[in-house]
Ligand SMILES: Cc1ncc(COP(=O)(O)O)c(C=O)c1O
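Coming up is one lone chain in structure tokens, specifically the form predicted alone.
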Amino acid sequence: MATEEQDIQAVEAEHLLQVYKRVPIVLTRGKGSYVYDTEDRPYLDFLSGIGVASLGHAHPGLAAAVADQARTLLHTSNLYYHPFQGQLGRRLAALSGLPRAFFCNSGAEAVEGCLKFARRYWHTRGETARTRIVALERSFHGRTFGALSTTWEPRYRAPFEPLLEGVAFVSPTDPDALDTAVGSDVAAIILEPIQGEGGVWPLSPEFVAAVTAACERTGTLLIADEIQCGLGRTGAPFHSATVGLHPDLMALGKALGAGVPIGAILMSQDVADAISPGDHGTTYGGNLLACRAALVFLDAMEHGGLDRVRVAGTRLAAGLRALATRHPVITDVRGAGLMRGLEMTVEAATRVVDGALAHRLLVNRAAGRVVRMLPPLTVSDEEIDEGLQILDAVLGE
């Protein structure tokens, strides 16, 4: 007789588009930093839904706000005002220094909007030939058409080409190449301050300086993709400021709704002034439920959350460096705050991810050979130590 888990997997196999290589467990509930399967076995979640469950699972404050809003009013469309979009925009402006926001439903949608708004900016200024985009090797910005066009990994791009024209990729280790690529025909540079899917690669100070110089020299707009590294993940509201970048546009998603889908585009007043009514829109974007969830997240982040990430990130980093000294298969430890990666061979990374799962720790691979960790921003010291002990045991095996 088939188990409940097998029945769930069989229904998916029959009816869902098979674009995900799922881990063969079925998760049914969560609490804090743990999720539970159909047999109620706990898994320590060091992935948090790829950085989405920023407050952990079943957060009481978030659950209460979502339930209350569901009983009150979920959606009005953007034909009308509601109380929460303005509040959320004001809070994000104070944190980012970018005074205008557009709300959507995901990080990929946020990237799409950033690309549109960058082109619209130059069109409004009469420089209609200024349409090129410079992106980085190792980048990942999403799977919708424009976002995919600025995503570097060839295996993601090849089946859907030709993509958007006028996108050039430069190495994030070559500041001179960036300087050469950015001319008066470039609308925007798009980058992740820490490249997530590309292998948890922080941008070097030298490259950041080259980006700043290129933008100052040509007036090119800077789009910061803070979908994975932003919103407290590295111990700061946005990692751009930490490394000295000054974006004109910023794409947000993942952590913002703490599990409720929401994305946001933040922008300078200069960019906002170039946008006209009707240039962009969304049916679901900025609905009451999503905005209220985001406000709960920001409350938690601003009232002790960032301090907690700094402490937890230091503890996690020290533990991972200690693992690297004991296990030579680890060739590099990268990241910031609670966004960390262990580089090793592809075979070793696969075995570590599988071994961690067997010990009921959830991590995943990025860029083939990096074991990536994105625990909830609320993870405790004891949970960090538990995760490190499991990784130590798996590496020892």
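Don't overthink the numbering: it's just position in the shown sequence, from 1. Everything numeric here is computed off the predicted structure, so don't read it as measured data.
The next section is about a form of this same protein that is not shown, the form predicted in complex with this ligand.
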Please determine, with the chain shown alone, which of 170 to 178, 225 to 233, 119 to 127, 280 to 288 has non-hydrogen atoms within 4.5 Å of this ligand in the predicted complex. 225 to 233
Could you check which residue among Thr131, Thr242, Gln85, Ser106 gets a heavy atom within 4.5 Å of this ligand in the predicted complex? Ser106
Is Arg292 close enough to this ligand in the predicted complex to count, meaning some heavy atom within 4.5 Å? no
Heavy atom to heavy atom, is Gly142 within 4.5 Å of this ligand in the predicted complex? yes
Even though the chain is shown alone, can you say which residues of 163 to 199 have a heavy atom within 4.5 Å of this ligand in the predicted complex? Glu192, Glu197
